[in-house]
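Have a look below at one chain only, the form predicted on its own, in structure tokens format.
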């Protein structure tokens, strides 16, 4: 199966029509060897604004709902998306606005001592905020 077939399946399983613009979004997101961290604005710039912001938002949100992308909220008004949907940790460089994978082997086991009645822990993912030291 070639990548376009894979992208078309991803789009259809997410409830989206496989348009040329959405296939282009898939190529940027999923046709790579390494994890891709991005904001909607970053993705829009990467696509050279040839695809409407609405199409980008709708596609990313559909992929997130389906589990193909993970959203990492940095603060109340900034979210990044990650093509690596496994549970893992991140560094966020506040000087450069770069999100960087922090591997599980680099973080000791995290212990949570508080329980919230009626809730269970789904996952623990550490976000370490850093800045350039100079």
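Not measured: the values here are computed from a predicted model. Numbering follows the first chain given and starts at 1.
The following text describes the form predicted together with a further copy of the same chain, which does not appear among the structures shown.
- Residues within 4.5 angstroms of a further copy of the same chain in the model of the complex, judged by any non-hydrogen atom, belong to 73 to 81 and to none of the other stretches in 73 to 81, 39 to 47, 23 to 31, 54 to 62.
- Residue 35 falls outside the set of residues with a heavy atom inside 4.5 Å of a further copy of the same chain in the model of the complex.
- Remark: residue 124 counts among the residues lining a further copy of the same chain in the model of the complex, judged by a heavy atom distance of 4.5 Å or less.
- Residue 93 belongs to the set of residues with a heavy atom inside 4.5 Å of a further copy of the same chain in the model of the complex.
- Using a 4.5 angstroms limit between non-hydrogen atoms, residue 131 touches a further copy of the same chain in the model of the complex.
- Along 94 to 124, residues 94, 100, 101, 102, 105, 106, 107, 108, 110, 111, 112, 113, 114, 116, 118, 119, 120, 121, 122, 123, 124 each place a heavy atom within 4.5 Å of a further copy of the same chain in the model of the complex.
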